[in-house]
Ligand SMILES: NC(=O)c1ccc[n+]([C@@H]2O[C@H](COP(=O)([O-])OP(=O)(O)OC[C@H]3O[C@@H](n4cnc5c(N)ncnc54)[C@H](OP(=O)(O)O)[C@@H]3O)[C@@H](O)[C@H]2O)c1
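First, one chain by itself: the form predicted alone, in structure tokens.
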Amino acid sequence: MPSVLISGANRGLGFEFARQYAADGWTVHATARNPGAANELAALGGDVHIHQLDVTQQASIDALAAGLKGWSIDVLIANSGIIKAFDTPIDVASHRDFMEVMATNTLGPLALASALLPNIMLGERKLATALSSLMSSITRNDWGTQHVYRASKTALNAVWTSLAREWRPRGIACVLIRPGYVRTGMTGGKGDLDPPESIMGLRQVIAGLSLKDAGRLIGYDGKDLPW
């Protein structure tokens, strides 16, 4: 069966990815900062492997890569993300908040994908996806707010698009995916979608991806998002 690695899989969208892929018989590598507290993941059953990972710590990423040496990963889903200073005006947002969010939302996915490159090369699908957002779009930013989160996701778009160009000759498709406005803990339960609907849509998108899609930013509805 195919395999998927999902970062930040202990809650929200990451957990829903793990639940749906496990139910379909995939080999699921699910990461959490504290695996001992990932009770819902542990209860999923199926071929689910839970790994410790903090994407802001290179030592943690290196340990994960070492533990997965020789394992193939068909699909990487760089899902880990945080929000800080959500309503803070841009002129008073702190350096610390910016750096913490950038470390998790931008540098973390890049470091994770880079460390797992050998595993992705062993996979048949050779897909490296990362969760972006409507908030990443400069074109669609007509109301401001959410500055720190926006900056991290716009930077992720730039990084992932560069990765897509550099890894295309290796046969790897690097694609950005957008889940939509989903009712999760991160959104305070607000949104237009429930997690199962969003993830089902994203899985359909992922199932249809190939090398020709490298560099795209595609929503759960299959539509591209200008950024």
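Keep in mind that what you see is a predicted model, and the values were worked out from it rather than measured. All residue numbers refer to positions in the sequence shown, first residue = 1.
Omitted from view is the form predicted together with the ligand, to which the following refers.
- Across the proposed site, T56, N79 and S132 without exception bring a heavy atom within 4.5 Å of the ligand in the predicted bound form.
- Shown without its partner, this chain lists G185, P169, G36, G45 as candidates; in the predicted bound form, only G185 has a non-hydrogen atom within 4.5 angstroms of the ligand.
- Looking at 147 to 155, 91 to 99, 68 to 76, 113 to 121, the stretch with residues near the ligand in the predicted bound form, meaning non-hydrogen atoms within 4.5 angstroms, turns out to be 147 to 155.
- Interface residue remark: Q20 is not counted as part of the site for the ligand in the predicted bound form, having no heavy atom within 4.5 Å.
- Proximity of G180 to the ligand in the predicted bound form: non-hydrogen atoms within 4.5 Å are present.
- In the predicted bound form, no heavy atom of L217 sits within 4.5 Å of the ligand.
- Contact check for T104: a non-hydrogen atom falls within 4.5 Å of the ligand in the predicted bound form.
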